[in-house]
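Given next, in structure tokens, is a single chain: the form predicted on its own.
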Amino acid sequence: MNDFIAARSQMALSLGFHIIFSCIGMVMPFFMAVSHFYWLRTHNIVYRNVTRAWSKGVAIFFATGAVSGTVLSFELGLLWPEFMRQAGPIFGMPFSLEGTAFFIEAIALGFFLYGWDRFNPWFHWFTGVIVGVSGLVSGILVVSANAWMNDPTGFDYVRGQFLHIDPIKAMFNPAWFQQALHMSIAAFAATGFAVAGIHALMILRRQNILFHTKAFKIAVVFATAAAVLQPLSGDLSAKYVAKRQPAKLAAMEAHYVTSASAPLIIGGIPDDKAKKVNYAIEIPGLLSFMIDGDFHSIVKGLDSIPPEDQPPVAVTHFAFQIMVGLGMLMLTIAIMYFTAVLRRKNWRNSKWLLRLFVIATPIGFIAVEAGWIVTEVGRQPWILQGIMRTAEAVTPMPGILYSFYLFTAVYFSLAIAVVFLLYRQIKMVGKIYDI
């Protein structure tokens, strides 16, 4: 493994680890706030217990996310100094604002955790809402910085120099809205299904059924609503990519040849040498229609992109297929749940429906990881789309391979610690809040 591959692998590992905690940090406080709101309105002690249990989970994920996020900030400077030297003054604003949002979130979380029976009840609830809002804003700001890498604006690039810098325009680049929307909904879907799945498992095990039923109902509403909205935001994102990043779209769809009436390819194994996809299901004209609303429109293929500028097709295509497939699975489960609520009342407490949510516990986060692979690998070979290549931005730092192994061990240890703490927390719930 050379320095370039080691640097990219270390960054990929760090991002892949951190994004899970970012999603949970963006979403779980809203679950907590809803449960707290029900407690204040109904004075049902179960909602208070759910809120307190969830708040401990939020604290665990906040602490772990703070560690992994700090590591990422150092890695940007150590592994990619040329990129940060050139791009830092342009897209540094969302990172600065993200730091402010992070501190607000930390302060509000402190107030919430230690404010029970000390603050006015509604002010206490409001501090929990601030935790959620600041966490969501923090995530959106980071996504805005990443969106700028996909569609760099806010400067003039003249003879290798960045001139006439406009940080506001850079932050609100053409990609930020659709990417932030898609990521935020994905975070709600992933976290919602994970939380609902855990509580469904506890219900099936007949442990503290009333507590876990209340918690399941809150989480499942967020999960299923997000699962329904996600394909709509995904369609918006795909249309944007088709317009602004045709090479990424071609890699996502394994679309090798520019053509009219381009088929939508489902599954399959890309063959770069033969320029085709083996064992795929092809729906004629559907890709053209999904992009332009016309079954006969022309869609650019990889043959229109210089070979040195083409992304890795197999990785991008497989990741995209996983993301879409799991998204459709979550949508199917959501439709079944809404059917149970609105039409088939006897389904609501059925074991098979609960088992379905248990099985679906990890799929949202797998879809999130696959989506970020599409975003990052699909942009290659560029770290800054069309301007700076990834190979130009890396540090030829001696010993980086050992750094990769060290950070892998650190993240693995953190993951074990988090799983242990969450497992202990879930087990304690049945003892402390047994009603």
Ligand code: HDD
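Numbering starts at 1 and runs along the sequence shown. Every value quoted in this text rests on a predicted model; they were computed, and no experiment measured them.
Below, we refer to the form predicted together with this ligand, which is not included among the displayed structures.
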{"query": "Per-stretch contact check against this ligand in the predicted bound form, the hit in 121 to 129, 333 to 341, 275 to 283, 240 to 248 (non-hydrogen atom, 4.5 angstroms)", "finding": "240 to 248"}
{"query": "Residue (of D235, E82, D303, D309) lying close to this ligand in the predicted bound form, criterion heavy atoms within 4.5 Å", "finding": "D235"}
{"query": "Heavy atom within 4.5 Å of this ligand in the predicted bound form - residue from L356, L201, I266, M328", "finding": "M328"}
{"query": "Residue contact check: V368 to this ligand in the predicted bound form, 4.5 Å heavy atom", "finding": "yes"}
{"query": "Contact of V313 with this ligand in the predicted bound form (heavy atom, 4.5 Å)", "finding": "no"}
{"query": "4.5 Å heavy atom contact, W372 to this ligand in the predicted bound form", "finding": "yes"}
{"query": "Contact flag, Y256 vs this ligand in the predicted bound form, heavy atom cut 4.5 Å", "finding": "no"}
{"query": "In the predicted bound form: members of 212 to 233 within 4.5 Å of this ligand, any heavy atom", "finding": "Q230, P231"}
